[in-house]
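In structure tokens, one chain follows: the form predicted on its own.
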Amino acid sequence: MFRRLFSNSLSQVKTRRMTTTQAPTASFSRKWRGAALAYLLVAPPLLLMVLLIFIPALQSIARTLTISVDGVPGFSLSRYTAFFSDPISVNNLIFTFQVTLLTLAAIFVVCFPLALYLRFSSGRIASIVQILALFPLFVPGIILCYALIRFLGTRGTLDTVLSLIGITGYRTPYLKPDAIIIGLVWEAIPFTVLVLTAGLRQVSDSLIESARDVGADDWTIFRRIILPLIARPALIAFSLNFLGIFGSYTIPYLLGPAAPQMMGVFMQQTFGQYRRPDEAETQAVITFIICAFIGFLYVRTVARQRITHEKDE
């Protein structure tokens, strides 16, 4: 009897040991399969991005830093020296920065009040405003350009309406930097409003009501609560709009002046009209380096936001 009880208890102990040793193994295998599946799903777009973006970019950078002397390739900064020694190239780069920064400022002046209104308002008027704010999303860029030409150009719709009410001396912004800014702001309104409105959703109504209960006015709520919580979404909108504006082509080409030119138009004309692919590649690399720095800010902001969200959970 005692032997039977001892053998049963011993077998139970062995069974428990086997189950305890098998449980971590099974858990580890499940985690390994999940990680492998995740990497397998990420692999195709990552491989496509490496093949179509990173490798060509690295090859272009290597070509712009290489020059052949008597058939022997060597390191050289002559292409970049030539770019920054050329007044036209430098003026086009400065002009691109000016248009980009002015456009970004105009975008936030227009879109931030819209986002605030859509976040804290409801009803039919708010729905109409939201539809109007998202309408440019469905208008192709080239159609927008020709519509602005007909509206803003000499003897266009705006000039005709002003003449009818007795206002003369209208000067069209068409073929000037102002037209580029107007077109780019119109094009960026939907995306910016969506990003800022999504960021303002982080501001809960209970938080605002609590602040008002302790005597905070609207300006204090805006400065102490809304602005800190909207900083990251605003930086994301700034980064993505900067990338789109700095490398834009269609709107600056159709609405902007012949000189100076934004970098997208300048690159196309250098490559297509002047037949200077080496100089166009140098311009593209400089544009890529500037945009890569802004892209780094975007990736850093998104990564920090994700880490903060995981810590909160």
Partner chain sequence: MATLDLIGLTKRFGSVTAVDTVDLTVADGEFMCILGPSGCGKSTLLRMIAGFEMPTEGDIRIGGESVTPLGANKRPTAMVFQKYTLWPHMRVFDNIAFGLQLRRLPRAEIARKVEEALALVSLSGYEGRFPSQLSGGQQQRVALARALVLEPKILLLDEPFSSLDAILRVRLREELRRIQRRLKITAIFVTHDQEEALTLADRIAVMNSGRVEQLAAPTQIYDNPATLFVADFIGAMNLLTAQVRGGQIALDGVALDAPDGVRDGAVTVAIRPEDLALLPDGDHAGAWRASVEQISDLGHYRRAILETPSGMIKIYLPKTAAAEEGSAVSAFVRRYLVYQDGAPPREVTRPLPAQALTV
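Residue numbers count along the first chain shown, from 1. None of the values given here were measured: they were computed from a predicted structure.
Here the subject shifts to the form predicted together with the partner chain, a form of this protein not shown in this document.
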- Query: Picking from 204-212, 235-243, 112-120, 191-199, which part of the chain touches the partner chain in the model of the complex when contact means heavy atoms within 4.5 Å?
  - Reply: 204-212
- Note on the structure: If we test each of 140, 228, 166, 74 for a heavy atom within 4.5 Å of the partner chain in the model of the complex, the one that passes is 228
- If we test each of 98, 127, 78, 220 for a heavy atom within 4.5 Å of the partner chain in the model of the complex, the one that passes is 220
- Query: residue 162: heavy atom within 4.5 Å of the partner chain in the model of the complex?
  - Reply: no
- Task: Determine whether any heavy atom of residue 216 comes within 4.5 Å of a heavy atom of the partner chain in the model of the complex, and answer yes or no.
- Result: yes
- Residues in 39-65 that come within 4.5 Å of the partner chain in the model of the complex by at least one heavy atom, in order, are none
